[in-house]
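Only one chain comes next, encoded as structure tokens, the form predicted alone.
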């Protein structure tokens, strides 16, 4: 059976033009996907957990789904300060249940945002977001800037669908007219196709952004001969390219959010875009990673007023990244239980945080065993959103897209499992 217009549930590009062929409950062919998307669709089903597993003194053993849910409810109800973490790899309907659950439990809910584009959100909260849809970029942008991002490897179809290699409605010869600037601390694959590559010293993003802002404001005489390894001549050339563009699009990745300066880098980038808008039209978009990390920020903001790292221990939503974010709570050993949903924190968190994860009762809801499995008491396998589960996701530009289900492999969905856990918790709390 051929399924057309399938949405790829890998990265936040959410490419919606895939063709997937299935035969006897198995995916046999995928067209239009990148290597990363292909891998997600064609991953051998044998690697998935067939049933819940639990840790015993003698090792891992199988568990019934009912036992797994019972034990998860017991752990969460018995905790004084539970942490609910992950959420970026599941659909919005499951995320909303998670927020409700955290409120009833008086716990903390956080997503992978806190270790990737959290600084972007903090900057946007301070100075706003001059953004647009990827469709606007595709059809109008004649200049694209990738700063601290390497889309060829991280978002392989971003350039072919939305920027460098795609036709634009308002550009007669988009491929030739569109210029690409790449800024990074090393020469990446994306830098190889750039019209202009700026090689900066590590941690020099803030200084280079400040220099470009000064030049755009007509203060070029204040700029020294080099700034963070970039010559004044190149900075002047880049500023002129940006000012002459009819429509410019600024994309930034974790190379700028997770380096020295953090959210101040993003604030500086937004203010550079504001300066450029005095001369032409310029927009800015974060290169979000997980396919629905943006969706969690949307859902959490609607329901609590805050985008991530929300603490309900006071009986109301409290938000203070650095205090209420998952890494900090684990490192300070504040939480006494953890529910991990659609994420692998043990593969990315600092060792102090991961060590505490292994010291407290931890349950993971995820289709596949991963690094975090080694630190869990219990893991519950579920359907994969976009393959055998459906739901709502948000593209990196904030556009909601309905993700389809193309198979039925008999696994419960995140919504099924979380809904039952939430129902049981409400009954126990008499909410």
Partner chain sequence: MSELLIRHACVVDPVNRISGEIMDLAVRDGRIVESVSDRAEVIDAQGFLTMAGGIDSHTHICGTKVNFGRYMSPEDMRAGRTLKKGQMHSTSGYSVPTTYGNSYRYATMGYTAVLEGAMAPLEARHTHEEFMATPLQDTMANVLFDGNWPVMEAVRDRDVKRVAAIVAWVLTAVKGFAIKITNPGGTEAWGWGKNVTCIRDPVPYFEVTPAEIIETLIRANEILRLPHSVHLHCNNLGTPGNYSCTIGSMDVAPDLNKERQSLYVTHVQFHSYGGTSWKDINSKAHVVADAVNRKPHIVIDMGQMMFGKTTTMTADGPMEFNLYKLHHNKWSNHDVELETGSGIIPVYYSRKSIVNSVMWAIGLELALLIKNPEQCLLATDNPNGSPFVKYPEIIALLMSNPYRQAEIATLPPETESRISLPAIDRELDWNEIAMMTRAGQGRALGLRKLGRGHLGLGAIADIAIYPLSIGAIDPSKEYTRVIEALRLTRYTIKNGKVIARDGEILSNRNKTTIWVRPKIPEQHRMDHDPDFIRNFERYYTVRMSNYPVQEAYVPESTCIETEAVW
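Since the structure is predicted, the reported quantities are computational estimates derived from the model, not experimental observations. Positions refer to the first chain, counted from 1.
FYI, the form predicted together with the partner chain isn't displayed, but the following is about it.
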Report yes if any heavy atom of residue 175 sits within 4.5 Å of a heavy atom of the partner chain in the model of the complex; otherwise report no.
no
When the contact criterion is heavy atoms within 4.5 Å, does residue 16 count as touching the partner chain in the model of the complex?
yes
State yes or no: in the model of the complex, is some non-hydrogen atom of residue 29 no more than 4.5 angstroms from a non-hydrogen atom of the partner chain?
no
Would residue 392 count as touching the partner chain in the model of the complex under a 4.5 Å heavy atom rule?
yes
Exactly one of 203, 358, 128, 229 comes within 4.5 Å of the partner chain in the model of the complex through a heavy atom, and that residue is 128
The partner chain: the contacting residue among 350, 135, 78, 322 in the model of the complex [heavy atom, 4.5 Å]:
135
Would you check whether the partner chain, in the model of the complex, lies within 4.5 angstroms of a non-hydrogen atom from each of 161, 297 and 316?
yes
With the partner removed from view, which of 236-244, 151-159, 117-125, 189-197 is the stretch that lies within 4.5 Å of the partner chain in the model of the complex, judged by heavy atom distances?
117-125
Within 4.5 Å of the partner chain in the model of the complex, counting any non-hydrogen atom, which residues from 142-175 show up?
161, 162, 168, 169, 170
